[in-house]
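Taken one at a time, structure 1 and structure 2 that follow are two forms of one protein chain, written as structure tokens.
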Structure 1
């Protein structure tokens, strides 16, 4: 990582407009992470890079893949922009990567799926597989589903299934308020939540259904007053970033007595922003959290924390790498098509339970924890006195949702 060396090489290749081309090396498998690495939200991409690096190194230490090949992580900054993503994707492919990892933003996810569908059709010998580990728009495993895309995170509908499972068992909840951002993702949550609540708890009344413009609200007090006026017991919100943090924080400040069922409160920066306002009130869904009692994952999280001086978050990447490695080993090749065919029918036992990929839409299913923010837990997050503790769990099967995917296979 010599700065000047990199500067010189990039300057040279930029002049020649060729980009960083490294020779194809048969002894490594290149995993390209394409995500935002700069700008105000750059910390998420940076954290993803560290996680991917960490789990790839563990796999390498355990003998690599497909007969001793090593995994090599290279990161590309797409600045969260779909069009920039396509340029960076082309860069990654030219650099020899056949596996693309990406998480932030479903818009970028859709762009990658779309690009790869065409690219793999036009250049079958250079096929690329897309591992999506955090873009949650259901569209990616429904209307836009693709053979070349695997989603290793619970999408909006699956998370809503886990949340409504939790609400089903909580008799104190009688009135629910839906509070989402006004775009495809927020709308998906609102549709799924309305429908699932009707099935699981017909007695629950949906007293509010708010859609706010994405990242435009600066003051949340009027919304809090509005929620209070409806007498809601619980709010379901797929908001993220400021739209979530400020909502919950303002609610706490104004003493709004509701339970917040969120999709992203456990993400990085969450507890820092929420503070004491979230304790006992903010619920989140995840495949794992720091206070899941399991010696294997605890050890892993400790190692990660020591190495990177930040909390482990993307536990799912461990499962991804393990399953990818097994697919490569079984297929005895690192060719993306052969690997995808192994991967799509795989069942895998993680330290936390049974997981599987559903072949019809390439959605991965895993046990999901519903947890609540607490101050009486052993593992705290982000050097605050807060962490999350489990309040409920759904097995992989219990979260399965239908799909409309009609996959075009190569």
Structure 2
């Protein structure tokens, strides 16, 4: 199928907060979510849409942005595919969106950066800002850094530093197996974990290093057998979606006695897949979880749960919307370039602590929590008897990593 045929055949999923898509409506600021909304991992994209919609509605209720404009969320289904992403990105721009949100897949994130670098140079009057809240490949704020891209999540290196700090302090771990998805993100995890373990625990042996095709594996039994054969004490896996849930579920069913150090196990479907086998064995790193004791975030999570009948996960989107709104208000415009110039130097105090954007590469820094799955916590996930509890925490400043970014500014 050629590009133009594909462009004509792909349907737009439009889910607006305040009305139909209209490029001429000056009373709204369109936020386009471009992510997977269909297929076996569509539940993740749906959750992202609901989170973005929830926090946009809260901002609208607080007065909107830039003199009362309302935030209007429209969602586009990219089917988790970089080529399809460009099709949907152009549709979003044609619909009047100047702010693009995306999370799943660093390969998709790289495609968005490449497209917007060219588009914004050629069409400065239609410039678009990319708000990345979950694509974690370090290349996006290093070699491929862009003025038009802001990452509002801890990247691979930052998260891996938190995970390896936890492993460093666990003397029971002598052998580690690396198990990741075969694309830029998974490869970045492999590199970072290998280097950091060597520096922090040179006595640890890496006994396996597996890369699997992204969202293609249906039976993880052979992989669990391979891990067991190595005598691994722990597995580091940055898998997401079904690739994570089915991996750890199969490991639990087959009684694999390892500790799982993950990036997303406390996300959608994680505890349901793991069950009791995950208690005390499955770790995750994130900017927040349901059992962080804070009345503001607890109230927010309760409201989200009542509205959508699911647990809140993407707490960082509350901070993103708040900082974006402040940037628009201070700039007194919703022009992406002016907003970016405010956003790139912003500090913001959240209920959980200080956060900030680093201007040199547009990487956002925030407090990070390492948590473990438990059955003795007040807040349970997904109507199970299980949740997560904190075992380690780092302030934003403690998570900084170097950057090689040489940003070209407009």
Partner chain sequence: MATSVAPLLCCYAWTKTLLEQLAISTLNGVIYGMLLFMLASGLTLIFGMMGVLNLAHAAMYMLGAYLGYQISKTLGFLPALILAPLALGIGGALLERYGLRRVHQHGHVSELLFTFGIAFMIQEAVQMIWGRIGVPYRIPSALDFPLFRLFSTPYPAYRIFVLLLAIAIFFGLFAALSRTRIGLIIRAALTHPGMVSMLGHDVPRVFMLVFGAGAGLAGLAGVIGGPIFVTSPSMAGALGAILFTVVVIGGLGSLPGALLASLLVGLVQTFAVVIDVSLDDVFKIAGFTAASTGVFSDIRHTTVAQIAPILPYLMLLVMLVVRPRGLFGSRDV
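These figures come from a predicted structure and were not determined experimentally. Residue numbers count along the first chain shown, from 1. Here the rigid core means the biggest group of C-alpha atoms that line up within 1.5 Å when the two forms are laid on top of each other.
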For the form predicted together with its partner chain, pick structure 1
Residue 208: after superposing the rigid core, is there a C-alpha shift of 2 Å or more between structures 1 and 2?
yes
C-alpha of residue 165: shift of 2 angstroms or more between structures 1 and 2, rigid core aligned?
yes
After fitting the core, residue 126 CA displacement of 2 Å or more between structures 1 and 2:
no
Core superposed first, then measure: what is the displacement of the CA of residue 181 between structures 1 and 2, in Å?
3.7
